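In the form predicted alone, a lone chain appears below as structure tokens.
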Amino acid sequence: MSADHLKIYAREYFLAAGECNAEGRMPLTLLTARIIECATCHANSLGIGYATLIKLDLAWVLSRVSIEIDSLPGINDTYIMNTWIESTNRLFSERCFTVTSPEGHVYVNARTTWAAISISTRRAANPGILGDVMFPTDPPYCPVVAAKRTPQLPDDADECLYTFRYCDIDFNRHVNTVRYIDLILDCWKLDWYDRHDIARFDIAFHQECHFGETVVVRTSTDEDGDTACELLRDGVRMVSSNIKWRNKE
């Protein structure tokens, strides 16, 4: 566990055409799925993954994600995702990521916050095993600062309704992380994405959603062009998000 090669986890991927979005690039949903995948693989290699935590009635849940995008891999590109644990405390673990080309071009930097919960009570819990995890002696620099809280959206925010279905649910029997992002990104038409890129995306998960529940997806863009988003169930904020857009050249 103390070996240097375990402290920073790296995985190489190839972006197939069938994985790309309408712009021929890596979609934000796939990027998020890869973040979760690499975090899972690294935790397993450190002995703090699912197989260990399930014996303690514990599981990791993703609490926050902040992603800053310079550019994104395109069709047939090879890319490398690196991840490392930056810090931990009694309840949370901060994990950072970079996505680079084989030549070293940095596509993406990301910061995530993970919480340990009790599976039986669904409440926050202290895993008690993070103190044994070795951190990188000289970790890569992650320039992504913590996200600001999503402001209260105005009454005239754009709204649409969605009821969660079978394909939205994961093995934990709640809505899959990536499906929330799908719902948010689908609020804009195709021609918007022909003219804009996402420069930064933040999402925070406040409460779980489940099969058959209906949420209101609300979005509001301010005078600076930044968008705030939220998913409400019975008036309660379940998920919140902020998006910074960049005009395409």
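The shown structure was predicted, so the numbers you read here are calculated from the model rather than taken from an experiment. Residue numbers run from 1 along the displayed sequence.
Quick note: we don't show the form predicted in complex with another copy of the chain, though the next part is all about it.
When contacts are judged by a 4.5 Å heavy atom cut-off, K189 counts as touching another copy of the chain in the predicted complex. At the 4.5 Å threshold, heavy atoms of D194 reach another copy of the chain in the predicted complex.
Another copy of the chain in the predicted complex comes within 4.5 Å of no heavy atom belonging to Y79. Another copy of the chain is not drawn, but in the predicted complex it has no heavy atom within 4.5 Å of G235. The partner is absent here, but in the predicted complex a heavy atom of I75, alone among L91, I119, I75, V106, sits within 4.5 Å of another copy of the chain. Stretch-level contact check against another copy of the chain in the predicted complex with heavy atoms at 4.5 Å: of 94 to 102, 141 to 149, 163 to 171, 108 to 116, the positive one is 163 to 171.
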